[in-house]
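Two forms, one protein chain; structure tokens for each follow separately as structure 1 and structure 2.
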Structure 1
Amino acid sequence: MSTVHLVDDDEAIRDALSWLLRSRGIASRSWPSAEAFLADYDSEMRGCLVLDIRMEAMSGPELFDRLRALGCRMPTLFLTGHGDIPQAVAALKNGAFDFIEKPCHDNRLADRVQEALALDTELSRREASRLTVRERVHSLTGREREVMDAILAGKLNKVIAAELNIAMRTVEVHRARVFEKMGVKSAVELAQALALAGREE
């Protein structure tokens, strides 16, 4: 699953890199162009990206932007032979994981790739738990969501009842169902679950 996705139009480089990675026990797959990769891209892909900056037709940064637009969040390393500073700055500020000049020490590159893979693993874990919470929130009915918001605002059931113009008993029922659907046992856990899932990107 955790794979290095290599996009470079120079076959010699693709081969050299995939060999280097294999020697470290890292799986990789290569594409000769941005277009080719886009055609194969699947949001389930896990691992990291290693993109050449200059390629015929679509460039590495452009591919990166397209992938981001598609929701891809894999850590991305850019490789360049003749890059300039604005390019590097733009890439990093756009969220690239690294920007490396060719040629470079094999070890340095492989190390960074490994860090990128580790980061992806971590990000995937967080993304998964965030997704779980989102799904659960989505499974709530409208009324339940209203009640949940009020609970998170620290309001007492009686206050919530007054605000929504319903009986306290009804609030209790919604409250119980919110806890049940969200998989928590108390308001504190609910707050923490949402805080963890909502923030910290």
Structure 2
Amino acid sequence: MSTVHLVDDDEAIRDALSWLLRSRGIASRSWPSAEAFLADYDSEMRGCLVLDIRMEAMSGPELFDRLRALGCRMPTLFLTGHGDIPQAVAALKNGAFDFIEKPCHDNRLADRVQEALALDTELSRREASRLTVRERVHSLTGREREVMDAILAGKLNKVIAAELNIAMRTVEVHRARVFEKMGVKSAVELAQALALAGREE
């Protein structure tokens, strides 16, 4: 489920943000510290993170870095005081989604949270598509991969047949199987699917 994960050591702020998000119909969970969130973190979590920059012990940016090292790619917004802006800008350069100064305007925060949730949904969809393409590539036989690579190089069937020392009819059969297994109807669609997957085989 797509959820806003709030991490702030100020209980009043956690309660206010939870209420704001609830009023917008947005699901949220909150934690009183970075350490508490890390203890509960699961790679299957979906949604976005709202982190306070300054917290006791581990700071928001430190938590962000730890999560990135764990492979977490949820869009992250930082809540900052005026003196924290340089840190927030540095976090943006490291891939954070945005930062919002406290006290923040309710509508701006809620709008940015919804945009972050939409981004996470899109990123999850793309990742699922990438995994599907990679699984399909792994289902190809060695010969089918050779034919696929030749197709992607723009070679005609008769050229592929000559290079692989097989009959042109055999190339046609392999070509049809490659398209069927990859779920595409043309060489262009095949190239687009592999580009999406990054050809990580």
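Worth saying up front: this structure is predicted, and the values here are computed from it rather than measured. For numbering, take structure 1's sequence and count from 1. Between two forms, the rigid core is the largest collection of C-alphas that superpose within 1.5 Å.
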Checklist line | Form selected (criterion: the form predicted in complex with a further copy of the same chain) | finding: 1
Next item on the list: Take the rigid core as the frame of reference and indicate whether the C-alpha of residue 181 shifts by 2 Å or more between structure 1 and structure 2.
Entry: yes
Check: Would the C-alpha of residue 190 be classed as shifted by 2 Å or more between structure 1 and structure 2 after rigid-core alignment?
Finding: yes
Check: Just checking, between structure 1 and structure 2 and with the core aligned, does residue 161 shift 2 Å or more at the CA?
Finding: yes
Check: Once the rigid core is matched, what's the CA displacement of residue 84 between structure 1 and structure 2 in angstrom?
Finding: 3.7
Next item on the list: Just grab the Cα shift of residue 144 between structure 1 and structure 2 for me, core aligned, in angstrom.
Entry: 6.9
